[in-house]
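Read the single chain below, which is given as structure tokens and is the form predicted on its own.
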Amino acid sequence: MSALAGYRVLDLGIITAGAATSAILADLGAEVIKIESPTYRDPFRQWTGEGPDPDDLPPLFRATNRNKQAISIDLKQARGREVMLRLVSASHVVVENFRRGVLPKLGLSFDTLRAANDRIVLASVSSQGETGPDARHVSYGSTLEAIGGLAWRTGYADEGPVISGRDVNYPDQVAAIFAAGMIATALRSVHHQGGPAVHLDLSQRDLTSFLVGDAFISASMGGNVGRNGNAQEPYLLQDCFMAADDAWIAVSVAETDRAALSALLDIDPQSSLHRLHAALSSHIAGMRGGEAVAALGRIGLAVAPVLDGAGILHREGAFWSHALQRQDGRLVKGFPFQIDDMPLAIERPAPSIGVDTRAVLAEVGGYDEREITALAEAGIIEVGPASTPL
């Protein structure tokens, strides 16, 4: 049995932070029902530059919505909220990452959800948290890295801060893993220890600051903390160097490696760091990447190739085993961890819009066919893919 089998999650999450949180819960065996609206889709369905064919779901959407069912409810209408609360009464978790204030405005505040189900876990994954002067501000991964302090530490000396960008989106990716862990813990508290309903406040900004908190502390104590590129104490020398075949090689040199490296490079062991760096760069530039890694490894240096996407894929089964998976012949994002006796797996691909609306409303909400048809005709729900007429 999967770790979260038997738990039902209502997923209002979009983009990465919310949707990826519930994707991890789905991977762990929870029944996850993705809820969209006839008037508002998860933007990842049409993410710019990720495939123009509406039937060819973008890779980012596939990664954050596999193993889920999908329904469509207009939560802005009173009858839509009634449908939602009926589902809440039969569920265990609600995940959302709307801008703060949106959920209460929809009439779905924590107090309202708790009235419908006194053991519900509401996980609110937000940029700035539930409270404070910036709570209602809109943020993205780039701005969160900036105000969270991460960009302050990222980049080269005497150059500007660097953000990870859309393809990494560090705060969202990390928040999803932490949020899934908190939800699993809350479920244990509520359903195994008899605790009350729980509202989890997950601030991506706070989490980003937490992860670089040691740098803040050092700076507050007068430490010289700033951007220094690949250089890092306590290494004598640490950087990336290009080989003759345009492969990049990462090298970390400790003080105890100085004599061996100087002998290999045929320079004075007391040479300046600038001279040592230049000699190593020249040495690697005269070799192919694989040769450089082998030669430096033989004298005990910490050295590794800087792999691109093709390099990573080529090392499947050697360097990684579950980071990526294959679904319907496509590579998709895999799992951040694995459980030996309850292995995570992708059982179903990301769903089309509203494809499970009819089944979920019948099986979870207890609606009969006549009621479902009436809700669809009134525009309260959407049944089946958007291109499929009622």
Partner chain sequence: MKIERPYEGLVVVEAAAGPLGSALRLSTAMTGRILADLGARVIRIIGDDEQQQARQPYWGAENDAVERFLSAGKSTMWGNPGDREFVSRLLRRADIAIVDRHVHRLIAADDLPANVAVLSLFGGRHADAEIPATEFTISALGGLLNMVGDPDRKPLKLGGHQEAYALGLSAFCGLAALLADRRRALPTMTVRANLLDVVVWLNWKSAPLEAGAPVPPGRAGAAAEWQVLRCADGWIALVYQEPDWPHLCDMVGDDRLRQAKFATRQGRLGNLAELADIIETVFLSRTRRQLHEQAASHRLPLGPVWSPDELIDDPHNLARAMFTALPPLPGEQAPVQAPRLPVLWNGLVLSSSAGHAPARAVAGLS
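This is a predicted model, so every value here is computed, not measured. Positions refer to the first chain, counted from 1. Whichever C-alpha set is largest while still superposing within 1.5 Å between the two forms counts as the rigid core.
Just so you know, the form predicted together with its partner chain exists too; it's not on screen, but the next bit is about it.
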### Query
Is residue 117 close to its partner chain in the predicted bound form, meaning a heavy atom pair under 4.5 Å apart or at it?
no
### residue 68, heavy atom within 4.5 angstroms of its partner chain in the predicted bound form
no
### Query
Does at least one non-hydrogen atom of residue 291 fall within 4.5 angstroms of its partner chain in the predicted bound form?
no
### Contact test in the predicted bound form: residue 375 vs its partner chain, heavy atoms, 4.5 Å
no
### One stretch from 260-268, 295-303, 282-290, 71-79 that, in the predicted bound form, holds residues within 4.5 Å of its partner chain by heavy atom
295-303
### Message
Using a 4.5 Å cut-off on any heavy atom, which residues of 77-102 would contact its partner chain in the predicted bound form?
### Response
92, 99
### Task
Classify residue 310 as shifted (yes) or not shifted (no) between the shown form and the other one, where shifted means its C-alpha moves by 2 Å or more with the rigid core superposed.
no
### Task
Return yes or no for residue 195: a CA shift of at least 2 Å between the shown form and the other one, with the rigid core superposed?
no
### Message
Once the core is aligned, does residue 86 move its Cα by at least 2 Å between the shown form and the other one?
### Response
no
